[in-house]
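The chain below stands alone, shown as structure tokens; this is the form predicted alone.
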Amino acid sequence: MIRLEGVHRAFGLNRVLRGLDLDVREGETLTLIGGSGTGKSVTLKIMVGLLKPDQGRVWVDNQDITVLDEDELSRVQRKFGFLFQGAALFDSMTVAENVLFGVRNLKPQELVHGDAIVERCLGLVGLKPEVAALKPAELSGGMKKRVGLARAIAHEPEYILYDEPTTGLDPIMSDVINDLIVDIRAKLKITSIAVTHDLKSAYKISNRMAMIHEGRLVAVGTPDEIQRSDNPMVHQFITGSSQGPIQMPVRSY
């Protein structure tokens, strides 16, 4: 479904990705873990074509997106939904307008059914129809995340990218979001890629987890395999120990 081959990406002198090889399988949730500045969010942006690699190839549905022109890349990007870390809702828009923002490229006659799209998507994330008329300022942090997720699925993408989906939420609401990620994958048969520092969330939502260190893949496996890994870098990260082989980068991206 998605495959990265030998991907490099630098920002000035900071080499963030250094030959990353990674594959995402159809229908799974793959979670990227690793320290700050190791290239996890950069990897998401490269997958969707928001950033181009300096070297290497990126395949989406057997299509090398690194060689596509702007129009061809735009068609591939429509296959993706994105839940941003801060939900990234438009304050001047209602919830309904935010949810429909992702389907603005549909044909006008399809937008006639906008109310049905909003109600369906809000229902999938556990929100009542009357929420559609509210503005983001009237929502709690957890509700904003759910509206952001409703917007991400409104145009019926094949993939959803989650950037720190539980950041800023209390433990109970974090678990609500985790359950929604699992539920939406099951209901919509969607492929998901998540970036998170929340290991409890990663263990719950993932079919597989991949750890990136110094711009390379150092471990990949099921949550159980990652927890039982004898790789010292993996062990240090999942136990949160400050003693060990991992040296954290000075700058973060």
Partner chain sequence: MVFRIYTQRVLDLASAVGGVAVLVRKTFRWLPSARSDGKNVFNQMMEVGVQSFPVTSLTALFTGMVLALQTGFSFRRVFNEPLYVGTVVGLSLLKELGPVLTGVVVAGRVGARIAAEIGTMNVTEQVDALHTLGTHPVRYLVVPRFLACLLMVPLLTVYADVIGVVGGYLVAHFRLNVPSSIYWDEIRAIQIEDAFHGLIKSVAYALIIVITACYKGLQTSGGAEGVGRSTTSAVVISMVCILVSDYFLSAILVSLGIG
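Numbering follows the first chain given and starts at 1. Keep in mind it's a predicted model, so treat the numbers as computed, not measured.
In what follows, reference is made to the form predicted in complex with the partner chain, a form of this protein that is not presented.
Inset, instruction - Tell me the stretch among 195 to 203, 32 to 40, 209 to 217, 48 to 56 that has any heavy atom within 4.5 angstroms of the partner chain in the predicted bound form. - result: Contact-bearing stretch, as computed: 48 to 56.
Legend entry - The unique member of I117, V125, A132, L89 whose heavy atoms fall within 4.5 Å of the partner chain in the predicted bound form: By the 4.5 Å heavy-atom cutoff, the listed residue in contact is L89.
Inset, instruction - Answer yes if any heavy atom of S174 is within 4.5 Å of a heavy atom of the partner chain in the predicted bound form; otherwise answer no. - result: Contact check for S174: no, nothing within 4.5 Å of the partner chain in the predicted bound form.
Inset, instruction - May I ask you to check whether M93 falls inside a 4.5 Å heavy atom distance of the partner chain in the predicted bound form? - result: Because a heavy atom of M93 falls inside 4.5 Å of the partner chain in the predicted bound form, the answer is yes.
Inset, instruction - Considering only heavy atoms, tell me if G102 and the partner chain come within 4.5 Å of each other in the predicted bound form. - result: Yes, G102 lies within 4.5 Å of the partner chain in the predicted bound form.
Inset, instruction - With heavy atoms only and a cut-off of 4.5 Å, decide whether K144 touches the partner chain in the predicted bound form. - result: The answer is no: K144 has no heavy atom within 4.5 Å of the partner chain.
Legend entry - Within 4.5 Å of the partner chain in the predicted bound form: residues from 169 to 200 (heavy atom criterion): None of them.
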